[in-house]
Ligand code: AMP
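A lone chain, given as structure tokens: the form predicted on its own.
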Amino acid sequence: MPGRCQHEETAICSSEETINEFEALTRDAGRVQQDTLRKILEANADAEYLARFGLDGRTDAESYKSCVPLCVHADVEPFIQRVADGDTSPLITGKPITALSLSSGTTQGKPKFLPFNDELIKNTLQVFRTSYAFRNRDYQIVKGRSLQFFYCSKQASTDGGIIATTATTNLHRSARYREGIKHIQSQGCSPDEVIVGPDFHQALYCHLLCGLIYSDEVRFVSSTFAHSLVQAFQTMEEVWKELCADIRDGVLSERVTVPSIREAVSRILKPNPHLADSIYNKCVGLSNWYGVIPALWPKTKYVYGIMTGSMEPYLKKLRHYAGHLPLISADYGASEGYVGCNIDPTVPPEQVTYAVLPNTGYFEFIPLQKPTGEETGNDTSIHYIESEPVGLTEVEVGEIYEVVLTTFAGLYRYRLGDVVNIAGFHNSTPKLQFICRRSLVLSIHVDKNTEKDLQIVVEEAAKLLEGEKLGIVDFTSCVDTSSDPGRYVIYWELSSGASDEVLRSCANALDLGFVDEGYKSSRKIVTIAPLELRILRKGTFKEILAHFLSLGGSVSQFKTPRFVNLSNIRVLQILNKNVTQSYFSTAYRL
């Protein structure tokens, strides 16, 4: 095309080729799935975990499903622990596992070891390349930078000398990943030393500073989770004058003390009074920081990150910071592996679906049906009636399923615990809509309320705060069974103080907001006690984050636990020591 630069032409061709590749894979998703399963089983035929099931070299789906049982983490944990202890024999994969990923551990209070290998890096790059190609088709970016709020966690070594860290850190420490990502999306503003730096607060400050230095070049703003983006711009509200001073004088703030971070950022920080004045005037002119992102980064086209599930409560605040800019939800994955990518970037996060890439793993789906009022027992997961798993192309639109993964990294028929709805198909691959985690639920008897149920109830009750111009900074919940009958406890951290009258009304609204029939009937006959709303000191959720980081976690992986299990003792201690007020519902008073 006349007048198009070589870089631009390469970027567009790359996106077109990626989309064409995706279309070819998804037109024949059933065959691709069979080929993918065959490759996984052939590569790992000697693995001890697989060998005990008597496959005897067979790689077809029927033999695989009849021989190898569905599993959960506890089933494979002994094999992964042997890897961590230094056993180099083929335990779960044909080739030795040289690194382990840690799950977030924000709900149970303890991270899990999960296998990590080069195939996961390859799959991650394919998912990123595919979703970026579709984003670039709707929001074309041919040059410029991205303002990325990414953070790595500390790397630990197991007793057997295996590196164990978060999945995001495993990616960033991989030369293959770093090289691959350069050809997929725009260069970040921050030097690598900031991303891998040991101090989150210093790294966040420097991300903001580097983003401002390159403010005219930024084309999109991103982080792994919406929570990290909100946190970044809340910090911006606090430190903007200091950032302006750094840029004006060309001298990095004394708050940055890590030598590697300080040296790397100082290399790009030069005195620029004109830019400092421009930033200062824009910040002063903002109304309650509305639209700060397009104001300071005027060429930004969108804001990008995971915005579903436990991230949905942050969307209101993120939209406040983003102003007119679209929010695009990132791809659907977990520490175990990726499930699907967002190929419809113009769809708002609340409606986003994820198309499964059929060559990144072998996928099965357990059909789920909600029970019809019978006694379901006092377990800690949502009780569904389950049917036999079906294949990727056998799912039905409008039905709900639990996702089952078989990966190149040594997980076989692994129950992910995610509940999804089949929203439609792209060619012959399904488009999934995330509903909830099966293990995240408020339940005492026959009542079952999911994370999504809790979110809806909290959002409705929070409307009562609007008259006092208050907002919820963050929230979580637990089940209190220290007395009989047990009750739901909802924890709120508020932006400022509220009156007793309003908070009593909020407690009633929360209690009445749960529409689950098991809950409503149990409240009426008092087999569940009145709901309790506990108000927390400001900064409580920052303390929970600090606790998570002290366990070796990364901010890029942190998700506020919406339901805190009794096993997560330390988080419950943090919550309960910071309670300043408590209100019991009177909504079901007889």
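Residues carry their position along the shown sequence, with the first being 1. It should be emphasised that the depicted structure is a prediction, and the values quoted were computed from it without experimental measurement.
Keep in mind that the form predicted in complex with this ligand is missing from the display, and what follows is about it.
Not displayed here, this ligand is approached by residue 309 to within 4.5 Å at the level of heavy atoms in the predicted bound form. Contact annotation for residue 559: at least one heavy atom lies within 4.5 Å of this ligand in the predicted bound form. Within this chain, residue 146 is remote from the site of this ligand in the predicted bound form, having no heavy atom within 4.5 Å. Residue contact check for residue 206: none of its heavy atoms lie within 4.5 Å of this ligand in the predicted bound form. Every residue of the trio 334, 418 and 434 has some heavy atom no more than 4.5 Å from this ligand in the predicted bound form. A heavy atom within 4.5 Å of this ligand in the predicted bound form is found for exactly one of 491, 401, 225, 297: 225. Site annotation in the predicted bound form: the residue of 508, 103, 407, 126 reaching within 4.5 Å of this ligand with a heavy atom is 103.
Residues of just one listed stretch (480 to 488, 146 to 154, 324 to 332, 516 to 524) have heavy atoms within 4.5 Å of this ligand in the predicted bound form: 324 to 332.
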